[in-house]
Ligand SMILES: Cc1cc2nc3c(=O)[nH]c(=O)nc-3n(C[C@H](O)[C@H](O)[C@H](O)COP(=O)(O)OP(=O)(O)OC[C@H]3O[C@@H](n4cnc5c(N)ncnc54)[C@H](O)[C@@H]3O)c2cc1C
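Heads up, the chain below is alone and in the form predicted alone; it's given as structure tokens.
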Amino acid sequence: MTQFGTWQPKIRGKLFYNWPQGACEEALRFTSAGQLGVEPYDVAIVGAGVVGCGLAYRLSQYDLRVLLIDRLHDVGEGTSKANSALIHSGYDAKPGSLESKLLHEAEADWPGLAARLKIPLDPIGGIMMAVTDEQERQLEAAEKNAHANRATDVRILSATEIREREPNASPDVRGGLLVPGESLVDPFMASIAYAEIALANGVDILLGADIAGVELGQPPGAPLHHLVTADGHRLPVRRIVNAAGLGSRRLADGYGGGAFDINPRRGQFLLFDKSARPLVQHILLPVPTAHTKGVLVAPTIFGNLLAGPTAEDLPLEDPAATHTTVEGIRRVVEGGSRLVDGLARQPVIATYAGARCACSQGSYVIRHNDGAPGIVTVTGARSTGLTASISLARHLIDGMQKELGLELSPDSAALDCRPDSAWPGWWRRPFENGATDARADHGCAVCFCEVISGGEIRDALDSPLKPRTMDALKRRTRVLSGRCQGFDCQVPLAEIVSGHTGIGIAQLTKNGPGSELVVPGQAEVTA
């Protein structure tokens, strides 16, 4: 198979989208709980962010019946899609905390994990920069904290040493910490790769299905519960893992889970053009506060430059939690400019915001048999959830064995990696290693900013999770992500998707029903 060929493993799991008729192929459309079979699931994971997908991946290595379900229309569609895209070393965690333990384990896991799952990773390293006298006085304590977290390669740098490494560092820099363990990663591909392997190994995936409630087993304490979707489908499950992020409180209310208080912590970002990439050589980190890690400036794995995030606590049901604001973007520019001289003069191609799950009870709140036997609540994984996803999955499985009676028998047929053909085409270009593809559509660009071909888009459409939204294709191929932000390529992209899947142009969406690309009644159907 060529490098740009579609990964087509033997799929043992079922994949469905809970969409209106016409929004996806009928073979993918969820209409009845019977499509998933009648046997109860051993584990149902509610929330297909990077934490839920990571858990599904690990559970798929065992002989279990597992369901991964999300109200959104792609994996990693919520908080997971709008983070800083870093693998953290855990140098600034609280020593002795669960977060510190998970990050230490995950940092060691990620190089091998990324290679097996074909997730682009760049161990570029970071520098935490002190730009005030007060921050400089904190460096010694920060170094001791890092060493207590077993990040023993962290050391203090002088201002001169920082400028040698970063010629465009702010003139205000007083000193800093060298943090070699920080890495860049493709944050989208992590959720996708986890879920693709889970699906291949037999995990069922249901997207676009909102869980309206939980029917606890009767009599109380009975081992069988039911997840009830908003449109009335009842799904039998023996164990439920609530990994629903900002939806975790509402779901917990449905099964009588214990008290915890969460809110969206909005983080706004600026994405700079690729011409800005040479401005920095490392991930540049501010001195963190008790509230936030602060505004960083970092290259992206895609070749851009990123600045952010803010840390704005908003009410749980605030619909503006993922909206950018003039004030927020101003704060990103100011925060980034405190680290990098000339950042404000660089061209910006996009702004975006994500809503992290801030929990007043702390990070990584995990409760077993929460409200009823067989239910696990997982919440409060804020900015380090991507990094810790693999070690957290192991931790959760260990807990389910001990506290929920989960019996594990390894599945000898389970996959643990994706083939070389699963590397995204923007990361492994065929012309860089002499590979060729005989199909003409791999030589015909659709997205000129990112040099993405029609063949790559069709390969993505045929990949195991069958992405059917513009945003889902954007995360897999980089189409719509360049300097023009889709101005030139969205129409040809829509034509390719419609022609390849049979979905009418009027039914194509940005990120699911309600985000149609064409105003109803305005689409013209041509022969």
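Don't overthink the numbering: it's just position in the shown sequence, from 1. The shown structure was predicted, so the numbers you read here are calculated from the model rather than taken from an experiment.
This protein has a second form, the form predicted together with the named molecule, left out of what is shown; the following refers to that one.
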item	value
Proximity to the named molecule in the model of the complex, single hit among Leu59, Val479, Ala472, Val51 (heavy atom within 4.5 Å)	Val51
Sole residue of Arg418, His442, His282, Arg356 within 4.5 Å of the named molecule in the model of the complex, by heavy atom	Arg356
Contact label in the model of the complex: Arg174 to the named molecule, heavy atom within 4.5 Å	no
4.5 Å heavy atom contact, Asp318 to the named molecule in the model of the complex	no
4.5 Å heavy atom contact, Arg71 to the named molecule in the model of the complex	yes
Contact of Phe269 with the named molecule in the model of the complex (heavy atom, 4.5 Å)	yes
Contact stretch among 452-460, 196-204, 84-92, 134-142 - heavy atom within 4.5 Å of the named molecule in the model of the complex	84-92
Partner contacts for 363-390, taking the named molecule in the model of the complex and a 4.5 Å heavy atom cut-off	Ala381, Arg382, Ser383, Thr384, Gly385, Leu386, Thr387
